[in-house]
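Take a look at this one chain, the form predicted alone, written out in C-alpha coordinates.
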(Lines give C-alpha, C1' and ligand atoms only; values in the text may rest on other atoms or scores of the structure.)
Protein backbone atom coordinates (compact mmCIF):
# COMPACT_ATOMS: atom_id res chain seq x y z
CA UNK A 1 0.00 0.00 0.00
CA UNK A 2 1.69 3.17 -1.22
CA UNK A 3 1.40 6.40 0.72
CA UNK A 4 1.37 9.87 -0.76
CA UNK A 5 4.30 12.12 0.03
CA UNK A 6 2.33 14.21 2.52
CA UNK A 7 1.18 11.08 4.35
CA UNK A 8 4.71 9.68 4.55
CA UNK A 9 6.00 13.04 5.78
CA UNK A 10 3.38 13.14 8.51
CA UNK A 11 4.62 9.77 9.75
CA UNK A 12 8.21 11.02 9.74
CA UNK A 13 7.11 14.14 11.60
CA UNK A 14 5.40 11.96 14.21
CA UNK A 15 8.73 10.19 14.78
CA UNK A 16 10.59 13.44 15.29
CA UNK A 17 12.20 13.77 11.89
CA UNK A 18 12.58 17.25 10.34
CA UNK A 19 10.27 17.86 7.39
CA UNK A 20 9.29 21.14 5.68
CA UNK A 21 6.16 22.88 6.92
CA UNK A 22 3.27 22.35 4.56
CA UNK A 23 -0.34 21.33 3.99
CA UNK A 24 -2.40 19.58 1.32
CA UNK A 25 -4.84 21.38 -0.97
CA UNK A 26 -7.34 20.09 -3.51
CA UNK A 27 -8.22 23.49 -5.00
CA UNK A 28 -6.20 26.49 -6.21
CA UNK A 29 -7.92 28.60 -3.56
CA UNK A 30 -6.77 26.19 -0.88
CA UNK A 31 -3.20 26.33 -2.18
CA UNK A 32 -3.25 30.12 -2.06
CA UNK A 33 -4.53 30.13 1.51
CA UNK A 34 -1.78 27.72 2.62
CA UNK A 35 0.87 29.87 0.93
CA UNK A 36 -0.48 32.90 2.77
CA UNK A 37 -0.27 31.08 6.10
CA UNK A 38 3.29 29.93 5.43
CA UNK A 39 4.26 33.47 4.49
CA UNK A 40 7.28 32.57 2.36
CA UNK A 41 8.33 31.05 -0.93
CA UNK A 42 6.60 27.70 -1.45
CA UNK A 43 6.78 24.65 -3.66
CA UNK A 44 3.62 23.10 -5.14
CA UNK A 45 3.96 19.33 -5.53
CA UNK A 46 1.43 17.02 -7.20
CA UNK A 47 0.41 14.13 -4.95
CA UNK A 48 0.52 11.17 -7.33
CA UNK A 49 2.03 7.70 -7.04
CA UNK A 50 4.54 8.00 -9.86
CA UNK A 51 8.15 8.77 -10.52
CA UNK A 52 9.33 11.66 -12.65
CA UNK A 53 6.52 14.00 -11.62
CA UNK A 54 8.88 16.99 -11.71
CA UNK A 55 9.75 16.43 -15.37
CA UNK A 56 6.03 15.91 -16.04
CA UNK A 57 5.22 19.37 -14.73
CA UNK A 58 4.01 18.26 -11.32
CA UNK A 59 6.35 20.39 -9.19
CA UNK A 60 6.43 24.20 -9.34
CA UNK A 61 7.87 27.00 -7.24
CA UNK A 62 5.81 30.01 -6.20
CA UNK A 63 7.11 33.26 -4.70
CA UNK A 64 3.68 34.64 -3.79
CA UNK A 65 0.23 33.30 -2.85
CA UNK A 66 -1.07 34.36 -6.25
CA UNK A 67 1.67 32.36 -7.95
CA UNK A 68 0.79 29.41 -5.72
CA UNK A 69 -2.83 29.73 -6.91
CA UNK A 70 -1.72 29.74 -10.56
CA UNK A 71 0.64 26.78 -10.09
CA UNK A 72 -2.00 24.69 -8.31
CA UNK A 73 -4.54 25.55 -10.99
CA UNK A 74 -2.15 24.30 -13.65
CA UNK A 75 -1.34 21.05 -11.83
CA UNK A 76 -4.72 20.00 -10.39
CA UNK A 77 -6.75 17.91 -12.79
CA UNK A 78 -3.79 17.51 -15.14
CA UNK A 79 -2.67 14.08 -16.30
CA UNK A 80 1.02 13.84 -15.57
CA UNK A 81 2.97 11.53 -17.87
CA UNK A 82 6.55 10.44 -17.32
CA UNK A 83 8.89 7.75 -18.71
CA UNK A 84 8.30 5.77 -15.50
CA UNK A 85 4.52 6.04 -15.93
CA UNK A 86 3.59 6.45 -19.63
CA UNK A 87 -0.12 5.98 -18.88
CA UNK A 88 0.03 8.98 -16.60
CA UNK A 89 -1.91 9.90 -13.50
CA UNK A 90 -4.28 12.76 -12.75
CA UNK A 91 -3.24 15.02 -9.89
CA UNK A 92 -6.16 15.44 -7.51
CA UNK A 93 -4.23 17.06 -4.67
CA UNK A 94 -1.09 19.13 -4.18
CA UNK A 95 1.27 19.54 -1.25
CA UNK A 96 2.05 23.19 -0.58
CA UNK A 97 5.14 23.50 1.56
CA UNK A 98 7.93 25.92 2.30
CA UNK A 99 10.71 25.95 -0.26
CA UNK A 100 14.17 25.18 1.11
CA UNK A 101 17.60 26.19 -0.16
CA UNK A 102 19.37 22.89 -0.74
CA UNK A 103 23.15 22.62 -0.57
CA UNK A 104 23.53 18.81 -0.75
CA UNK A 105 21.21 15.89 -1.51
CA UNK A 106 21.55 12.39 -0.07
CA UNK A 107 19.52 9.18 -0.40
CA UNK A 108 18.39 7.10 2.57
CA UNK A 109 16.13 4.07 2.26
CA UNK A 110 15.05 0.89 4.00
CA UNK A 111 13.43 -2.05 2.27
CA UNK A 112 13.06 -5.83 2.52
CA UNK A 113 15.99 -7.81 1.15
CA UNK A 114 14.53 -11.21 0.34
CA UNK A 115 17.98 -12.67 -0.35
CA UNK A 116 19.22 -12.09 3.20
CA UNK A 117 15.68 -12.24 4.64
CA UNK A 118 16.37 -9.03 6.51
CA UNK A 119 15.53 -5.37 6.28
CA UNK A 120 18.26 -3.57 4.38
CA UNK A 121 19.38 0.02 4.95
CA UNK A 122 20.68 1.80 1.84
CA UNK A 123 22.61 5.07 1.79
CA UNK A 124 24.08 7.11 -1.04
CA UNK A 125 25.55 10.57 -1.48
CA UNK A 126 23.86 10.70 -4.89
CA UNK A 127 20.40 11.77 -3.75
CA UNK A 128 17.69 13.51 -5.73
CA UNK A 129 17.50 10.83 -8.43
CA UNK A 130 15.96 7.36 -8.69
CA UNK A 131 17.98 4.86 -6.70
CA UNK A 132 17.47 2.37 -9.55
CA UNK A 133 19.33 4.75 -11.86
CA UNK A 134 22.15 5.14 -9.34
CA UNK A 135 22.34 1.36 -8.91
CA UNK A 136 22.54 0.88 -12.68
CA UNK A 137 25.12 3.56 -13.42
CA UNK A 138 27.11 3.88 -10.18
CA UNK A 139 26.48 0.81 -7.99
CA UNK A 140 29.58 1.59 -5.95
CA UNK A 141 27.86 4.80 -4.78
CA UNK A 142 25.33 2.84 -2.71
CA UNK A 143 26.21 1.31 0.65
CA UNK A 144 23.90 -1.37 2.04
CA UNK A 145 23.53 -2.77 5.53
CA UNK A 146 21.41 -5.87 6.32
CA UNK A 147 19.85 -5.12 9.71
CA UNK A 148 19.97 -7.89 12.29
CA UNK A 149 16.36 -8.35 13.47
CA UNK A 150 17.50 -9.13 17.01
CA UNK A 151 19.97 -6.30 17.46
CA UNK A 152 18.14 -3.75 15.34
CA UNK A 153 19.87 -0.75 13.79
CA UNK A 154 22.94 -0.28 15.98
CA UNK A 155 25.19 2.75 16.26
CA UNK A 156 28.12 0.81 14.87
CA UNK A 157 25.93 -0.39 11.99
CA UNK A 158 25.05 3.21 11.16
CA UNK A 159 28.72 4.18 11.18
CA UNK A 160 29.56 1.19 8.97
CA UNK A 161 27.00 2.00 6.28
CA UNK A 162 27.68 5.75 6.27
CA UNK A 163 31.44 5.28 6.09
CA UNK A 164 30.81 2.76 3.31
CA UNK A 165 28.96 5.46 1.38
CA UNK A 166 31.88 7.84 1.77
CA UNK A 167 30.60 10.07 4.57
CA UNK A 168 32.97 11.65 7.08
CA UNK A 169 32.48 11.53 10.84
CA UNK A 170 30.74 14.89 10.59
CA UNK A 171 28.27 13.34 8.14
CA UNK A 172 27.75 10.39 10.49
CA UNK A 173 26.87 12.71 13.37
CA UNK A 174 24.51 14.65 11.13
CA UNK A 175 22.66 11.70 9.56
CA UNK A 176 22.65 9.11 12.36
CA UNK A 177 19.48 10.54 14.00
CA UNK A 178 17.71 10.54 10.61
CA UNK A 179 18.56 6.88 10.02
CA UNK A 180 17.44 5.88 13.50
CA UNK A 181 14.16 7.79 13.17
CA UNK A 182 13.43 6.36 9.72
CA UNK A 183 14.09 2.83 10.98
CA UNK A 184 11.73 3.31 13.95
CA UNK A 185 9.00 4.63 11.65
CA UNK A 186 9.56 1.76 9.19
CA UNK A 187 9.07 -0.88 11.88
CA UNK A 188 6.20 0.85 13.67
CA UNK A 189 4.17 1.22 10.47
CA UNK A 190 4.79 -2.32 9.16
CA UNK A 191 6.41 -0.82 6.08
CA UNK A 192 8.28 -2.73 3.40
CA UNK A 193 9.78 0.42 1.88
CA UNK A 194 10.71 3.79 3.36
CA UNK A 195 12.76 6.37 1.47
CA UNK A 196 13.96 9.90 2.09
CA UNK A 197 15.11 11.22 -1.26
CA UNK A 198 16.48 13.72 -1.09
CA UNK A 199 17.58 13.97 2.48
CA UNK A 200 18.74 17.54 2.06
CA UNK A 201 21.35 19.65 3.78
CA UNK A 202 20.33 23.30 3.56
CA UNK A 203 22.63 26.25 3.06
CA UNK A 204 22.33 27.10 6.74
CA UNK A 205 23.43 23.57 7.75
CA UNK A 206 20.08 22.01 8.65
CA UNK A 207 19.11 18.47 7.65
CA UNK A 208 15.61 18.21 6.13
CA UNK A 209 13.59 15.28 4.78
CA UNK A 210 12.76 17.08 1.54
CA UNK A 211 10.84 14.19 0.02
CA UNK A 212 9.49 10.94 1.45
CA UNK A 213 8.08 7.70 0.13
CA UNK A 214 6.59 4.80 2.08
CA UNK A 215 4.92 1.54 1.17
CA UNK A 216 3.09 -0.43 3.86
CA UNK A 217 2.36 -4.15 4.09
CA UNK A 218 -1.37 -4.46 3.37
CA UNK A 219 -1.50 -7.69 5.38
CA UNK A 220 -0.70 -5.67 8.51
CA UNK A 221 -3.45 -3.07 8.10
CA UNK A 222 -5.59 -4.81 10.70
CA UNK A 223 -3.20 -3.48 13.33
CA UNK A 224 -2.56 -0.14 11.62
CA UNK A 225 -6.00 1.34 12.15
CA UNK A 226 -4.85 4.94 11.74
CA UNK A 227 -3.09 4.23 8.46
CA UNK A 228 -5.79 1.96 7.04
CA UNK A 229 -7.80 5.06 6.10
CA UNK A 230 -5.21 5.73 3.39
CA UNK A 231 -5.82 2.36 1.76
CA UNK A 232 -7.99 3.30 -1.20
CA UNK A 233 -6.01 6.47 -1.82
CA UNK A 234 -2.88 4.37 -2.22
CA UNK A 235 -3.99 2.67 -5.44
CA UNK A 236 -2.36 4.13 -8.53
CA UNK A 237 -4.68 2.82 -11.22
CA UNK A 238 -8.45 3.56 -11.28
CA UNK A 239 -9.23 0.10 -12.66
CA UNK A 240 -7.20 -1.51 -9.88
CA UNK A 241 -9.11 0.64 -7.38
CA UNK A 242 -12.40 -0.56 -8.85
CA UNK A 243 -11.16 -4.17 -8.75
CA UNK A 244 -10.46 -3.82 -5.05
CA UNK A 245 -13.97 -2.50 -4.44
CA UNK A 246 -15.34 -5.54 -6.28
CA UNK A 247 -13.07 -7.96 -4.44
CA UNK A 248 -11.20 -9.07 -7.57
CA UNK A 249 -7.45 -9.69 -7.82
CA UNK A 250 -6.49 -7.47 -10.77
CA UNK A 251 -3.18 -5.97 -11.86
CA UNK A 252 -2.89 -3.78 -14.94
CA UNK A 253 0.05 -4.74 -17.15
CA UNK A 254 -0.24 -2.22 -19.98
CA UNK A 255 -0.77 -4.51 -22.99
CA UNK A 256 -3.81 -5.24 -25.16
CA UNK A 257 -4.77 -8.89 -24.38
CA UNK A 258 -7.19 -9.14 -21.46
CA UNK A 259 -6.67 -12.26 -19.33
CA UNK A 260 -9.09 -13.90 -16.89
CA UNK A 261 -8.40 -17.15 -15.09
CA UNK A 262 -8.94 -18.96 -11.81
CA UNK A 263 -5.94 -19.32 -9.53
CA UNK A 264 -2.90 -17.06 -9.40
CA UNK A 265 -0.55 -19.71 -10.79
CA UNK A 266 -2.77 -20.47 -13.77
CA UNK A 267 -3.23 -16.80 -14.57
CA UNK A 268 0.52 -16.16 -14.38
CA UNK A 269 1.12 -19.10 -16.72
CA UNK A 270 -1.47 -17.66 -19.10
CA UNK A 271 0.25 -14.27 -19.02
CA UNK A 272 3.51 -16.01 -19.95
CA UNK A 273 1.89 -17.99 -22.76
CA UNK A 274 0.34 -14.86 -24.27
CA UNK A 275 3.75 -13.17 -24.19
CA UNK A 276 5.36 -16.29 -25.70
CA UNK A 277 2.80 -16.18 -28.51
CA UNK A 278 3.86 -12.63 -29.33
CA UNK A 279 1.10 -10.80 -27.49
CA UNK A 280 1.16 -8.15 -24.77
CA UNK A 281 -0.93 -9.01 -21.70
CA UNK A 282 -3.18 -6.17 -20.59
CA UNK A 283 -3.80 -7.49 -17.10
CA UNK A 284 -3.67 -10.22 -14.52
CA UNK A 285 -7.15 -11.12 -13.22
CA UNK A 286 -7.81 -14.05 -10.91
CA UNK A 287 -11.51 -14.73 -10.26
CA UNK A 288 -10.55 -17.22 -7.56
CA UNK A 289 -12.02 -20.57 -6.67
CA UNK A 290 -15.74 -21.23 -6.76
CA UNK A 291 -16.52 -18.11 -8.80
CA UNK A 292 -20.19 -17.72 -9.69
CA UNK A 293 -21.70 -16.22 -12.83
CA UNK A 294 -22.04 -12.71 -11.38
CA UNK A 295 -18.37 -12.66 -10.41
CA UNK A 296 -17.37 -13.69 -13.92
CA UNK A 297 -19.53 -10.94 -15.39
CA UNK A 298 -17.90 -8.43 -13.03
CA UNK A 299 -14.49 -9.62 -14.19
CA UNK A 300 -15.36 -9.12 -17.86
CA UNK A 301 -16.70 -5.64 -17.17
CA UNK A 302 -13.53 -4.76 -15.26
CA UNK A 303 -11.18 -5.93 -18.02
CA UNK A 304 -13.16 -4.01 -20.63
CA UNK A 305 -12.71 -0.77 -18.68
CA UNK A 306 -9.22 -0.71 -20.21
CA UNK A 307 -9.62 0.95 -23.63
CA UNK A 308 -6.42 -0.72 -24.87
CA UNK A 309 -7.89 -4.24 -24.72
CA UNK A 310 -8.23 -5.76 -28.21
CA UNK A 311 -8.95 -9.33 -27.19
CA UNK A 312 -10.01 -11.32 -24.14
CA UNK A 313 -8.76 -14.74 -23.09
CA UNK A 314 -10.49 -16.97 -20.53
CA UNK A 315 -8.39 -19.82 -19.16
CA UNK A 316 -10.40 -21.83 -16.63
CA UNK A 317 -9.37 -25.12 -15.05
CA UNK A 318 -12.29 -26.19 -12.93
CA UNK A 319 -11.81 -27.64 -9.49
CA UNK A 320 -14.00 -25.75 -7.09
CA UNK A 321 -14.82 -23.41 -9.96
CA UNK A 322 -17.43 -24.91 -12.25
CA UNK A 323 -17.14 -24.53 -16.00
CA UNK A 324 -20.87 -24.08 -16.50
CA UNK A 325 -20.96 -21.21 -13.97
CA UNK A 326 -18.13 -19.49 -15.81
CA UNK A 327 -19.96 -19.97 -19.11
CA UNK A 328 -23.13 -18.43 -17.66
CA UNK A 329 -21.13 -15.47 -16.44
CA UNK A 330 -19.59 -14.94 -19.87
CA UNK A 331 -22.99 -15.11 -21.55
CA UNK A 332 -24.44 -12.69 -19.01
CA UNK A 333 -21.60 -10.30 -19.71
CA UNK A 334 -22.17 -10.49 -23.45
CA UNK A 335 -25.90 -9.89 -22.97
CA UNK A 336 -25.52 -6.87 -20.69
CA UNK A 337 -22.21 -5.31 -21.78
CA UNK A 338 -21.03 -3.93 -25.08
CA UNK A 339 -18.09 -6.22 -25.77
CA UNK A 340 -16.71 -5.70 -29.26
CA UNK A 341 -13.43 -7.59 -28.98
CA UNK A 342 -12.85 -11.28 -29.82
CA UNK A 343 -13.03 -13.70 -26.88
CA UNK A 344 -11.24 -17.04 -26.70
CA UNK A 345 -12.36 -19.49 -24.02
CA UNK A 346 -10.52 -22.52 -22.73
CA UNK A 347 -12.55 -24.56 -20.25
CA UNK A 348 -11.25 -27.70 -18.56
CA UNK A 349 -12.07 -29.64 -15.42
CA UNK A 350 -15.28 -29.61 -13.39
CA UNK A 351 -18.42 -29.25 -15.57
CA UNK A 352 -16.27 -28.08 -18.49
CA UNK A 353 -18.35 -30.05 -21.02
CA UNK A 354 -21.55 -28.42 -19.76
CA UNK A 355 -19.88 -25.03 -20.01
CA UNK A 356 -18.72 -25.63 -23.57
CA UNK A 357 -22.24 -26.76 -24.49
CA UNK A 358 -23.66 -23.47 -23.16
CA UNK A 359 -21.19 -21.49 -25.27
CA UNK A 360 -21.79 -23.48 -28.45
CA UNK A 361 -23.31 -21.38 -31.23
CA UNK A 362 -22.03 -18.08 -29.80
CA UNK A 363 -19.30 -15.86 -31.32
CA UNK A 364 -16.88 -17.11 -28.64
CA UNK A 365 -13.86 -19.03 -29.93
CA UNK A 366 -13.13 -22.30 -28.08
CA UNK A 367 -9.65 -23.70 -27.42
CA UNK A 368 -8.54 -27.07 -26.09
CA UNK A 369 -5.27 -26.02 -24.46
CA UNK A 370 -3.78 -22.92 -22.90
CA UNK A 371 -1.17 -22.68 -25.64
CA UNK A 372 -3.80 -22.90 -28.37
CA UNK A 373 -5.91 -20.27 -26.62
CA UNK A 374 -2.94 -17.90 -26.36
CA UNK A 375 -2.06 -18.29 -30.06
CA UNK A 376 -5.66 -17.72 -31.15
CA UNK A 377 -6.28 -14.58 -29.09
CA UNK A 378 -2.97 -13.01 -30.14
CA UNK A 379 -3.77 -13.64 -33.82
CA UNK A 380 -7.30 -12.26 -33.47
CA UNK A 381 -6.11 -9.16 -31.61
CA UNK A 382 -3.47 -8.49 -34.24
CA UNK A 383 -6.08 -8.79 -36.98
CA UNK A 384 -8.31 -6.36 -35.12
CA UNK A 385 -5.48 -3.86 -35.25
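Positions refer to the first chain, counted from 1. For clarity, every value in this text was computed on a predicted model and none was experimentally measured.
One more form of this protein should be noted, the form predicted in complex with ligand GDP, which is absent from this view; the next part is about it.
A.B. asks: Taking 53, 61 and 100 as a possible spot, do all three reach ligand GDP in the model of the complex with a heavy atom inside 4.5 Å?
C.D. replies: Every listed residue reaches ligand GDP in the model of the complex, so yes.
A.B. asks: Based on heavy atom distances of at most 4.5 Å to ligand GDP in the model of the complex, which listed stretch, 303-311, 280-288, 247-255, 127-135, is the contact stretch?
C.D. replies: Correct option: 127-135.
A.B. asks: Using the partner position in the model of the complex, report whether residue 105 sits within 4.5 Å of ligand GDP, counting heavy atoms only.
C.D. replies: Heavy-atom contact with ligand GDP at 4.5 Å: present for residue 105.
A.B. asks: Is there any non-hydrogen atom of residue 45 lying within 4.5 Å of ligand GDP in the model of the complex?
C.D. replies: Residue-level check for residue 45: yes, a contact with ligand GDP.
A.B. asks: Does ligand GDP come within 4.5 Å of any heavy atom of residue 274 in the model of the complex?
C.D. replies: No, residue 274 stays farther than 4.5 Å from ligand GDP in the model of the complex.
A.B. asks: When the contact criterion is heavy atoms within 4.5 Å, does residue 190 count as touching ligand GDP in the model of the complex?
C.D. replies: Because no heavy atom of residue 190 falls inside 4.5 Å of ligand GDP in the model of the complex, the answer is no.
A.B. asks: Looking at 214, 96, 121, 210, which has any heavy atom no more than 4.5 Å from ligand GDP in the model of the complex?
C.D. replies: None of the others qualify; the residue that does is 210.
A.B. asks: Which listed residue (263, 198, 109, 157) meets the criterion of a heavy atom within 4.5 Å of ligand GDP in the model of the complex?
C.D. replies: Exactly one residue meets the criterion: 198.
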